[in-house]
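The chain below stands alone and is given in structure tokens; this is the form predicted alone.
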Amino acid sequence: MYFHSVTLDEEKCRGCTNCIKRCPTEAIRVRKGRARIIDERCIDCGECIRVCPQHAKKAITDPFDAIYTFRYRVAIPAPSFYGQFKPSVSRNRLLNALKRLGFDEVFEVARAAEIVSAATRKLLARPDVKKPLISSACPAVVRLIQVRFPSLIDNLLKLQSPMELAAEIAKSRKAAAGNLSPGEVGVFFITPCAAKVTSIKAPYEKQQSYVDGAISMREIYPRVLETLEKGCEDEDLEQAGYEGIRWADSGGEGLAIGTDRFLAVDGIHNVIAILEEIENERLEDVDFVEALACTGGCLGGPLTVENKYVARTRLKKHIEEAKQKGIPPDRQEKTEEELVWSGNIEYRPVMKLDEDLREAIKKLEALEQINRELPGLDCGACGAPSCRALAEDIVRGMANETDCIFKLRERVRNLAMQMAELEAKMPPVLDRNSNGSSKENVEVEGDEG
């Protein structure tokens, strides 16, 4: 069973090919005029949400009222949250606005990001660590590696994400300070993307997430605006320094590590290109790779409100203010053992044609033969993203060769030619004219006259 935050609204789907052409794991097909998501292949990157003109793809998030099921409620906003609002709104005002919405506490994920950055620096200094290390902060990238790049699983940075660490710290502190158990403390992540929701509901690095729910930035944005209009700056809630805030943009994590030997790549298709370079051992002089599925990093998440380029400009203001305020990075000592994943991430062989090796080889040979006979235009009219994908579907028994419109036209043309040949060979006794009499009889009657 797979949980996915990305779902399809069939009533809105018009069967266009935008989503199938952009899906990085070929997890979508169009069948009977509607898109279908192949659950085991989907990595919840949200690319289909972004490109669907009918808005038929959507992300399942928790409703805001879910916070009231807990006695004590904590909001943990992603650093990208700050870039959604006008520059005139300070970070402290935003944090206070969140608290007034119904939360008892606000803990910045950016603060936890600083702790993760410090632990990453220690790991990079170890000679036994496999390099380049690949950031695990983006769940969509981790799941992409599970599905398409299993040889790179050992390169993953197996440390808790800032989101998970922020939730753990918030729960443990409150449980230690009061009469509340960790189960009575509800921690809700203000999320810019669908992949984070999936990582909360179905974590890959542990049995259960410390986060109790995820609220979309799109949903909470109007509530925050309304609260801001009423005025809401009372407490000093700023905790994170500029290093943690900078994580919202592509390259922020790499800069926080403090090495020149890092590479930052954003956009899922660009990430695939870099992972292929690493897999083929063509990436040199790089110790750390920051890979983010969304173009522009978390600022470009499908659940954000503001244009990613506008949000990037706005975020710079918060970074500069944090520098001027002199909030030091969180140097809380956390060993790698305290932050390391408790579970083992495994390869998800969803691309296998068959569990039996011999059968898989036979199917692969059949796939290649079918693919050679297809036109190779990758038009998507068959409902598959490419001719090769259609060939794979045919081998798996999920499609027919005539799903290809070119093959169908060829088949119809051949049938027409066969019908014409059969018509020419029709027996004389059955070859009748329009008035029902046979041509042979008409000729005989003419001779007798």
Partner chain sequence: MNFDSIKLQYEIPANNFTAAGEIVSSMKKVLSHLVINPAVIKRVAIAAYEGEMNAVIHAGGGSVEVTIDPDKITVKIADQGAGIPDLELAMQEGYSTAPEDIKQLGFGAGMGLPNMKENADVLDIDTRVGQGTTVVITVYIR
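Model, not experiment: these values are computed from the prediction. Numbering follows the first chain given and starts at 1.
Below: the form predicted in complex with the partner chain, not depicted.
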property: Distance check, Asp62 to the partner chain in the model of the complex, heavy atom within 4.5 Å; result: no
property: Partner proximity in the model of the complex: Leu228 to the partner chain, non-hydrogen atom cutoff 4.5 Å; result: no
property: Arg36: touches the partner chain in the model of the complex, heavy atom cutoff 4.5 angstroms; result: no
property: Contact test in the model of the complex: Ile115 vs the partner chain, heavy atoms, 4.5 Å; result: no
property: Stretch in contact in the model of the complex with the partner chain, which is absent here, among 183-191, 107-115, 349-357, 167-175 (heavy atoms within 4.5 Å); result: 349-357
property: Option touching the partner chain, based on a heavy atom within 4.5 Å in the model of the complex, out of Gln324, Gln208, Thr313, Gln369; result: Gln369
property: The partner chain: the contacting residue among Glu235, Glu320, Asp260, Glu365 in the model of the complex [heavy atom, 4.5 Å]; result: Glu365
property: Within 271-293, the residues that have a heavy atom no more than 4.5 Å from the partner chain in the model of the complex; result: Glu276, Glu279, Asn280, Glu281, Arg282
